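In structure tokens, the next block holds one chain alone, the form predicted alone.
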Amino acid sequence: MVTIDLGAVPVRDANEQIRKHGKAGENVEIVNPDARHHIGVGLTAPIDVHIRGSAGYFCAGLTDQATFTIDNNVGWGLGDNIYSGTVIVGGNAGAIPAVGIRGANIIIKGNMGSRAGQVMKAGTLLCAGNANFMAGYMLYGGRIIILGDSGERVGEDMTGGEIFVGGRVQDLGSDAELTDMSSQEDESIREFLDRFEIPFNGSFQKIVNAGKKLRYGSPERQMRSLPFFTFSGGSSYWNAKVQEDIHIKSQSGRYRIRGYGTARALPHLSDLAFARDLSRSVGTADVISKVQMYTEIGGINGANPLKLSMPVMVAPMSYGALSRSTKHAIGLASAMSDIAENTGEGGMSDAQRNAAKQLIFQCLGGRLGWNIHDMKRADGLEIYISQGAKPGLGGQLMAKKVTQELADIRGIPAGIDLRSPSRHPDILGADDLVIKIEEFREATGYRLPVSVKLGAGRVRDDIKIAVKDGFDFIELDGMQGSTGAGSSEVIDFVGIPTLAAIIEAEEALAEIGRRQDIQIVLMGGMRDGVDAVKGLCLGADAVAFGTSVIIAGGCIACMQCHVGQCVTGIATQDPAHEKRYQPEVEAQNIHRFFESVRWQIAALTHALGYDDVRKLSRNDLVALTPEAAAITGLPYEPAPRKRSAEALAG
């Protein structure tokens, strides 16, 4: 056994040594741990790690196959997202032990803190003492065994799995119920206790999901096949959209769910124009070669940056909201255009990873599909806080799209109306976020940039927190961004328009003098290279396209995204619908769209008199409306709109 002294070696170096010894099959002993955070994260070898003392946050997190023994106590987030292996704690554990685990055994010989086993997918969590409140919160699968008392609201919002309590059940959480326990289950638990030499002579009460909230009371109905660009209705007060909303709500008795983005007219980049009259600019046959567009994103803090042939990325869109074939096509197109793709919140598919040259792996509160192996094969990591279409809220995926295959990837029960948590279980404030970022970096050897996706809400505060917490870049998503499914009221009336979001972000960073310490990727309704250049002029380091990508890849905006009846095979998990989609053909279409964006960026930058996109600035823009002028502080000059109209008429 190899001994590592944390009194003499930093945790970062110690973790590198642990992984090195793991590859060599050598067991490791940690002395003088002194409750340091992140001990052992990222280990994927079947070795024993013995910690002689107490450990801090996320001990043994993001690991696979290893066995950890901690002599004393551990902080919160013990063993988060472990795939397999065993963790044994001699003392007490803090909050959210076994968060998001996918098959490990975690044994706590003392008491454990609140929300134990939150968003757990598989495996066993055993507590020999008492549990604090909300054990099994949003439990998706696996089993929790509590030999002592359960604490308040045990099984709160669980959708799967089982909880066994040997002591007093203080009270049950929402949609949890007591049920009979079989002799086979009792025998299995006692064999588990004997294996780890934990005595218990009492009996158990079994808690399961009551099944009352797994699906909405009424199924989500298909929308009438109205084109997206007209479905918001005409100018009349009682227009077709208003009437349809009232009718469907009278049948369902709840809010409506739909995909895409806001249907309201909001200030956007189209309310800006270029200060120069570009209609008289001298053209050139090979403008792309005359403008430097190569951009690196994410290398500010020493990670390997994403290397983009132009300041453009693909916005996060999940496998789940979109079909596997669509994600494959987008990955292929991103590689052909030499830009970066993003998994979105649903996990990483092999088809997408194999297709994309550069792929960002996104982590959200439900830890759906999140695991150390896909982290290590990603090119960037992203913590999802929220998105522009529904800032501050979790995602939704209707039951028709939660197939068995998708459920297996995400680690959830199939056929439920999936409502993702609106916040991360282990991030309750800015300090927690710092520790979480460092865990991701520790687990991947500090190679990968770590970004955050922010839905534009409290932009000024959120941006300051993001830069102070040390993210490598921010994906800032304005209100015009889209979603696969969300409340129509939220999509239309909650959030900050993209135009206002980038202005607030720039002002916030200027207030604390930190603009040079972060990069911003702007997204939310980006339609073409013209929007991209305007975003760059306003301060963004790059932009990301989402809805325009799926339109380029065949989307006809039939507004069936949420119910999975997409006739083009894009926003569906139905094999009969998906087979209509041709990934190789649509990848070429998406690639051609990106190349048109490339030409537009180069042509406009060159016409404005620059040879590098980094020279674009606010001075190159004017506002066409009083609202846009007030939001941006740009000069109000409606004349460019009049000039454009005259040019079109002539």
Partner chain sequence: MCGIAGILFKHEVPGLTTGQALIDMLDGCQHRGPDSTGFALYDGAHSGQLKLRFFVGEAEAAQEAIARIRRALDEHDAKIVEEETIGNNYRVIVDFNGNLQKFSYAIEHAAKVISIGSSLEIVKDVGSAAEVDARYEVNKVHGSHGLGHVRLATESDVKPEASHPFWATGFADIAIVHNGQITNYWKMRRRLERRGFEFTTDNDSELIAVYLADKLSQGLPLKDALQTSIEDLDGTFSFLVSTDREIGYAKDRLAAKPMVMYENDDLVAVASEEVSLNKLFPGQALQTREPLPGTFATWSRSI
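Quick caveat, the model's predicted, so the values are computed rather than measured. Positions refer to the first chain, counted from 1.
Not on display, but discussed next: the form predicted in complex with its partner chain.
- When contacts are judged by a 4.5 Å heavy atom cut-off, Ser54 counts as touching its partner chain in the model of the complex.
- Asp34 belongs to the set of residues with a heavy atom inside 4.5 Å of its partner chain in the model of the complex.
- At a distance threshold of 4.5 angstroms between non-hydrogen atoms, Asn132 is in contact with its partner chain in the model of the complex.
- Contact annotation for Ala95: at least one heavy atom lies within 4.5 Å of its partner chain in the model of the complex.
- For the residues Gly513, Gly202, Pro199, Gly429, the 4.5 Å heavy atom test against its partner chain in the model of the complex is passed only by Gly429.
- Put simply, of Asp245, Asp461, Asp408, Asp528 only one has a heavy atom within 4.5 Å of its partner chain in the model of the complex, and it is Asp461.
- The three residues Asn72, Ile465 and Asp469 all sit with a heavy atom within 4.5 Å of its partner chain in the model of the complex.
- Comparing 187-195, 433-441, 117-125, 301-309 against its partner chain in the model of the complex, the single stretch with non-hydrogen atoms within 4.5 angstroms of it is 433-441.
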